[in-house]
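One chain follows as structure tokens, the form predicted on its own.
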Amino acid sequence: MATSLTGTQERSGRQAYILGGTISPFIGKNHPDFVWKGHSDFGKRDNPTLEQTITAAVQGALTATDVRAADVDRAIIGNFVGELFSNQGHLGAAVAAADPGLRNKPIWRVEGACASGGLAFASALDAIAGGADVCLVVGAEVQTTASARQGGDYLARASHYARQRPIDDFTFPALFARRTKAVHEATGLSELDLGRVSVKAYANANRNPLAHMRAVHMDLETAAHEGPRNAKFLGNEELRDYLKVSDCSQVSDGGAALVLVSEAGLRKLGRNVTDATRVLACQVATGDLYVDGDPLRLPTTAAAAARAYAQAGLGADAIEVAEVHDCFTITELLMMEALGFAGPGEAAAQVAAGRTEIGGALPINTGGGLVGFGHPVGATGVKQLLELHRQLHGQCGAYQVPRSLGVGLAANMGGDDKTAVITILARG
């Protein structure tokens, strides 16, 4: 597995801080502001384009942090498949177009499937370690421009396409249904166990005004059983019974952007460290695209997490709030185990006991996660970090954890545990 260059941050001794940023509303099917054929505004207005989404994220982050574009040393954008959903690549130049003060700055795009946003942040940390003082990190994706089946084909580029594409029309749901089947056979994991993960995600999203599913209620009876609102949709007969709509992250459009600074950057901007969030660790691990691993484990995530804990000088028991990559309900459970929050096969019991709820001992995905908040692929890793920043500073409103928080962890994953970015943050 490959180690990220963020180790240079340790050697340089340059501490990095998140000043803040912005998250757009994540929208798509079932969101009241998303225009589709049955919407009252159909034909009257369009949904935001990728260009508009990037511009809004950049301008929103600069405004939220009171940072001028001229103060930015460099910017990085995470995006997975702009060329397919929006017929647009070369997105560093799209960031430069968002504000005249960004013209001629060093700006580039990074891609790591669903971990593209996390990789953009890791790249910005490397820039801070290399001498930059103010960096802009952007994540954006527009995915509702294609049908579900066409979009499934586009997103399958994050798998080993030649080998895994034929598993189902919906490649990634099928790959994680295969994990669900394996966990069920090994531990007795039930649809009720997965339903609890989904119910938590929707309940948190219902408190979150930016969430894709903020207006959709999910109860345990619906989440745990196939029905008119919760179809089993896979064509693969062997895997069909192991995944329902409620187990899936949302096909969303949206963007997020944050400002990352060094200590010198804080001074230049006249900011107080108590208003910022300190980066304790960020580690990237990359697995073998061409080989399937143990379906019961996320070893790439576990490897990145082990290095992040070592870099931060902390153990899993020090984490007080977490954003984990729940592309499917089974993934949240496997993430909890890979991150050391639960032993093998023990995550579902922790969810059932309420440990991961907003008021629990370890709140996870307080804004709804990918299942409830939504999953515009390139934006997710940046959104996770801003969610932690906001939780640590008591800024999450109706879904704020009701106690003081000091340390949070974000786990952003690309593909089927093939790229993992683990970041640990602390308040001030």
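As the structure is a computational prediction, the values presented were derived from the model and not from experiment. In case it trips you up, residue 1 is the first one in the sequence shown, and so on.
The form predicted in complex with ligand CAA is left out here; the points below concern that form.
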- Non-hydrogen atoms within 4.5 angstroms of ligand CAA in the predicted bound form: do F170, A231 and M413 all have one? yes
- Task: Please run the contact check for A93 against ligand CAA in the predicted bound form: heavy atoms, 4.5 angstroms, yes or no?
- Result: no
- How about N204: is it within 4.5 Å of ligand CAA in the predicted bound form, going by heavy atoms? no
- Message: Is it the case that F328, even though its partner is missing from this view, gets within 4.5 Å of ligand CAA in the predicted bound form, heavy atoms only?
- Response: yes
- Message: Under a 4.5 Å heavy atom criterion, is R163 part of the interface with ligand CAA in the predicted bound form?
- Response: no
- Message: Using a 4.5 Å heavy atom cut-off, which residue among V261, A338, C114, A276 comes into contact with ligand CAA in the predicted bound form?
- Response: C114
- Item | One residue of A308, V324, V142, A158 in contact with ligand CAA, assessed in the predicted bound form (non-hydrogen atom, 4.5 angstroms) | A158
- Note on the structure: In contact with ligand CAA in the predicted bound form (heavy atoms, 4.5 Å), from 244-252, 190-198, 99-107, 354-362, is stretch 244-252
